[in-house]
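Only one chain comes next, encoded as structure tokens, the form predicted on its own.
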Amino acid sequence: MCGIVGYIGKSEKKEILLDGLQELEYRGYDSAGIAIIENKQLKNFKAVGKLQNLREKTKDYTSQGFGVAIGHTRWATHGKPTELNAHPHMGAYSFVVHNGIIENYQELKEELQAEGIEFLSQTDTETIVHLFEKNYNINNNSWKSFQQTIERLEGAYATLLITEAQADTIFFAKNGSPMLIGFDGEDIYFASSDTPIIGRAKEVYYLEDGEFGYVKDGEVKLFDANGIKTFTKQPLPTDKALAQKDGYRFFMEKEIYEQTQVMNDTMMGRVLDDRIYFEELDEKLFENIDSIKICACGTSYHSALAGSYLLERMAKIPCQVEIASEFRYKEPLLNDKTLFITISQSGETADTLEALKMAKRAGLKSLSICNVDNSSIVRESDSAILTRAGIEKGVASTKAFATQTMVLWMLTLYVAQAKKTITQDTLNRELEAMRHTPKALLVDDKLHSKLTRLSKRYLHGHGFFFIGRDLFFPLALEGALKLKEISYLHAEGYPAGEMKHGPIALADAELFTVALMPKTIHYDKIKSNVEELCARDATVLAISPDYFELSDDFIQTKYDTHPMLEFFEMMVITQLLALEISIRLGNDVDMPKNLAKSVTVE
């Protein structure tokens, strides 16, 4: 996820920016840049790759005296990782940095291009600086121009803008993406999290959605839709490691809580009022395609399985899912009417990459679903959809799984639109459910506290069964994987209807069963399967919107109108359960033994 640093004052600005960006490396990035206005002279530097490349480019530059400065580390969402696409983005006399996604950027870009404005990058961010300068060229007032610009933006943004037209000021706005202001006397700092300004600023104000303003002469002018605002500063935390985790105990916990926000990022610009739109896809990709094969490993394999249910049910296209390490050696029969989809968080998963190369050699069209632009799998594929999950530091994947599943849901509707296998009424219902997904991912404090208390009952015994049907079978597999990855307890995911075909032989009081019992899919069937386990004295934790009286423990869910809303709500519960059990066992949640985040070997 992108990072922002800003500064206005008399100190040396280059090092403030570079040191601040260094503190944001944990968020992940593929390029970086800085822009400084000093003595009414604007300087900017950009570099692809590690921050050291930017340091090398700026080694002969130092700043002196009063000035304004902005910096950015970019995680690609629109456009490849190149210097042209790196922030800050430049107009004729202004620079801007931005986190988030401008949903209506395509509309704004076309409007500006029609007026003769040339764009250098492929990004949504560049529209902000050109729109500002268009407004300024009309009214010759920087503050008014910035306000007019913000009024036109739709989507999520945290943005800083500096301009030679008013070289003593930083303009800022925040909506949906985090940003804060740090204070140390007349020195004013901006950042997307605490860590860049710890040790420099003494106090902080965390901007709220809809707030915007400017800094000039060491003073912050803050506004919202109702006009000028007063605000209260608070002491700045001093622990950088804790600040990176935003106060959470582990990165995995932070990433579970982040899912509600990153899901907005995944959907932005793609979930429109009446359709799904992927700017990165050519509709010809699906011409002459009569089946889909998805190849993945681990958690990505589980999201692929969930996607296969959706693709066959709504897009009416045959979909087969393969474990990449098996696919490579099974001598598969491939034909060029199959679209080959690979899924990988890192884009470097060795087995998945080799499977993709096999499909390419066989002449198949290819599409990758990935979190890292310019990764090996993305480069090898004909097309790619980025999940926009940001960096995931916990080895056990959470938000990567959530965003991969969402992309597959969106892709299902996209294919259904293209093949006309879905009515507009059905499509509208799916889109409405999608827009509710971030709410289904919100972590309720009472729920988390209950799972913390429950976890002490699930530390022993001879194993766990996670069971579900249909879409919830892949979720059962994923819930079991999360638990065994970080707790080192044995856990298996099963289709609920398969229990009586062998596994139920293990059922007794020391077998813990986590039963996913959605209201919208086969509730009566899975209820019967769970009753069979209860009759054999298994210890059952039921997760459902409807109370299940035979369960030993029960977690009541809120959503019961759409399978995917139930899916994502139950996903969060299984993630938190695994987290709390692991913490009680004293394990290192973020770095479980024997595992690596990116599996780049066979």
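Residue positions are given as counts along the sequence shown, with the first one as 1. Since we're looking at a predicted model, the values are computed, not measured.
A second form of this protein, the form predicted in complex with a small molecule, is not displayed here; the remarks below concern that form.
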Problem - Segment assignment from 338-346, 146-154, 279-287, 81-89: heavy atom within 4.5 Å of the small molecule in the model of the complex - result: 338-346
Handout entry: Residue contact check: S381 to the small molecule in the model of the complex, 4.5 Å heavy atom
Key = no
Problem - 4.5 Å heavy atom contact, T387 and the small molecule in the model of the complex - result: no
Exercise for the section: Spell out, yes or no, whether the shortest heavy atom distance between Q166 and the small molecule in the model of the complex is within 4.5 Å. Expected result: no
Exercise for the section: Flag A396 as yes or no: does it have a non-hydrogen atom within 4.5 angstroms of any non-hydrogen atom of the small molecule in the model of the complex? Expected result: yes
Fill in the blank from the handout: Residue within 4.5 Å of the small molecule in the model of the complex by heavy atom, from T73, Q404, T125, Q259, is Q404
Problem - The unique member of G213, G182, G493, G298 whose heavy atoms fall within 4.5 Å of the small molecule in the model of the complex - result: G298
